[in-house]
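The chain below stands alone and is given as C-alpha cells, in the form predicted on its own.
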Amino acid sequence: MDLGISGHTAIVCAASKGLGRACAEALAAEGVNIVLNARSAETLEKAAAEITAQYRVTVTPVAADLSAESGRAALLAACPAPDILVNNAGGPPPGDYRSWSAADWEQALNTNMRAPIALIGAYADGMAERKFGRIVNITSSVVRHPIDAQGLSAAARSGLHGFVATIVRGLAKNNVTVNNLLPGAFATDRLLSNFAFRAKREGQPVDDVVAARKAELPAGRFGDPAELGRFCAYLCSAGAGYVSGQSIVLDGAAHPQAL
C-alpha cells in the first residue's frame, strides 16, 4: 500500500531506539526523508547510519535535548519546514507522588508537555501554509488508564492531550492533522525499567514480574514497536487527512474501550 508520502520530510523525536525508531523506520520504508533526534549523539549516529543503509533515504541526525529551548532551536535550524512531526520522549521515572520534588515536576512537564507543544507551535503554521501536515504525539495509555506509580507521566501527558484538543479544528481546513498514539505495554527499554522498579518495590525477581504481566495481557505478549511504527506511518499518510484530534490506545485490548 502506497501511503503517498514518498519524498516528504519527517522529524521523529527520541528515535534512536524503541518506539521512536520504529516510527522512523516505518516512515523511511515509505520513502520519507528523516530528521532523527535523540540526546545521545553516539547512539543516534549509529541509528541514522543503519536506517540510511536499509531504506536509502536521507537521514539527518540532530543530537539535542528537546526539553531545553536550545535543543529545540537546534532542531528548528536543522529542519525549518518538515511535512511530518512525530513527537516522542521517554516518560519520567515511576515513583511515589509524596517524594516528587519541584525539579521532578519541572522535568516531567518540560519533557512530556512543553517540548512537544513548543514544536507544534514552531511547525504547524508552516504546514498549514503548504496545505499538508501530519503531527503525531506518542504519549502513553496511562493517560486513559492510570497506573499508580506513573503519576508524573499521566499528568504531563494529559496536559499535552488537552492542548491538542484546542488546536485541531483550526488546522483541519489546511490538511494538517494532529493525533495522539497511546501505547500500552510494548517491548522497549522503558518497559523493562518500569518492571525493574516494580520488582524492587515488591521484592520479586524481574523475570517473574515480566512473566506475570504477560500472563495478564489478553494478547499474551507485549507489543512489537514495529506495530506502532506502522500505525504511526498510516496516520502520517496522504490518505489520513480526515483523521484528526484522535487519541488512539494501542494496548492489545488490555483495557476495555468504549466501542
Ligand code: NAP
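A residue's number is simply how far along the shown sequence it sits, counting from 1. The model shown is predicted, which means the values in this text are computed figures rather than measured ones.
Keep in mind the form predicted in complex with this ligand is missing from the figure; the text below concerns it.
This ligand in the predicted complex is not approached by Arg198, whose heavy atoms all lie more than 4.5 angstroms from it. Proximity of Thr188 to this ligand in the predicted complex falls within the 4.5 Å heavy atom cutoff. The closest heavy atom approach of Gln204 to this ligand in the predicted complex falls outside 4.5 Å. Interface residue remark: Gly133 is not counted as part of the site for this ligand in the predicted complex, having no heavy atom within 4.5 Å. Looking at 33 to 41, 211 to 219, 49 to 57, 230 to 238, the stretch with residues near this ligand in the predicted complex, meaning non-hydrogen atoms within 4.5 angstroms, turns out to be 33 to 41. Ile138 is the sole member of Ile138, Leu160, Leu152, Leu85 with a non-hydrogen atom lying within 4.5 angstroms of this ligand in the predicted complex. Annotated contacts: Ala14, Leu19 and Ala64 all touch this ligand in the predicted complex [non-hydrogen atom within 4.5 angstroms]. Counting a residue when any of its non-hydrogen atoms is within 4.5 Å of this ligand in the predicted complex, the hits in 102 to 138 run Thr111, Asn112, Ile138.
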